[in-house]
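Shown here is one chain on its own, the form predicted alone, set out as structure tokens.
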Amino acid sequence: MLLTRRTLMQTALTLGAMHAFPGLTWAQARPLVFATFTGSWEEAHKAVLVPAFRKATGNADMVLDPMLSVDQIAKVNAAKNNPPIDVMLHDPGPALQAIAQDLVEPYPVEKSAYYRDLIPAAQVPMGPAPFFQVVGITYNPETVKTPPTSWADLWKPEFKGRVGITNLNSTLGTGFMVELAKMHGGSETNIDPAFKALEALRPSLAAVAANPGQLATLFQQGQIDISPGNFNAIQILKARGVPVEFVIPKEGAIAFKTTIHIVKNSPNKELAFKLIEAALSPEVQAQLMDEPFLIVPTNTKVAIKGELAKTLAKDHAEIAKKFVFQDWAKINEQRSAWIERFNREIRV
């Protein structure tokens, strides 16, 4: 097994607890493990959520272990009786998979101080949604003089060799393909039109990124000028001085809720609950809404303001009207086949 710095730190913490309390098992002694996402999500959770959790628990030990949803599910599936993760974070598709595979347990809503304050779409009994992700068009204003207004603008000849997309392993990539299919007569169950449209886009593609974080890096390196992109990831780039802007296409921004779950058989269920409570709290969500993170809150006690109100929606009611929410139960039925086809057919 490859020993990373994070693995070594987690092992040291666990061994220290076992030495101090000889009756503890390895599972009982290890710190809480939260599998957050990579990139801007790890940064946001390290800066805001982790300190809030430690304050609420008397400085309880915890480890952020950033990884893609597919890797979270694989790790827990490999050790269901003694899972190496206590809290998972998922986009809609993987969340449905984790629930179907019996990897997570119902959230104890009756104990929660904040669940009832979430917008209805975020009140998910198997794991509430602490935030939304929003996907629109990202572009470099120094090279793209006329701001794009539609997904169709990615096909303009002036962007030949300067367009970036992500593969379908990411929710961003799959969501973009579904919207592309709808523009050409398809749906959540038929994205053949999207594959045909991507074939026409091939001469313009500079890169197919593995995930949204890698896509953001391509902007930072000046390798692409326009792409579908996550709103909050782009705002972090702007805060670093990278020339990049975000616009909502006339077809509507793609929105998907990201849910947080207690892993079944976790030895740290109470701490897992307290971490999720911190994520749902108005204090944490208000901080994550501020620059540079600009994450869309789901707690109705948090008034949407600043760049979010200016660019996305002035309140939670407008979110429901302006954003496109996709049917991930339908998407999941064929997503594996779509990923295989994409990896086979779409190469740069």
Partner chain sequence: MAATLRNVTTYDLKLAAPLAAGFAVFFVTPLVILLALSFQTDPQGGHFGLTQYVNFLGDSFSLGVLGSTLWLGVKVTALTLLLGYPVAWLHQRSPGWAKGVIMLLVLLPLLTSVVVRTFAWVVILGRQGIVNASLLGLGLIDTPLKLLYTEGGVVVALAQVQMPLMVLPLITALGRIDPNLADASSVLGAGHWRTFRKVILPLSLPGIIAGCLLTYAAAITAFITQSLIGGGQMLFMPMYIYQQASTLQNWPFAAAISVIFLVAVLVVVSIFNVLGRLSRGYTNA
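Just so it is clear, the model here is predicted, and its values are computed rather than measured. Numbering follows the first chain given and starts at 1.
Omitted here: the form predicted together with the partner chain. The next part is about that form.
The contact residue chosen from 236, 247, 208, 104 relative to the partner chain in the model of the complex is 208, the criterion being a non-hydrogen atom within 4.5 angstroms. Only one segment in the set 269-277, 115-123, 247-255, 71-79 has residues whose heavy atoms sit within 4.5 Å of the partner chain in the model of the complex; it is 71-79.
At the 4.5 Å threshold, heavy atoms of residue 339 reach the partner chain in the model of the complex. The partner chain in the model of the complex is not approached by residue 265, whose heavy atoms all lie more than 4.5 angstroms from it. The closest non-hydrogen atom of residue 162 lies within 4.5 Å of the partner chain in the model of the complex. With a 4.5 Å cutoff on heavy atoms, residue 221 counts as touching the partner chain in the model of the complex.
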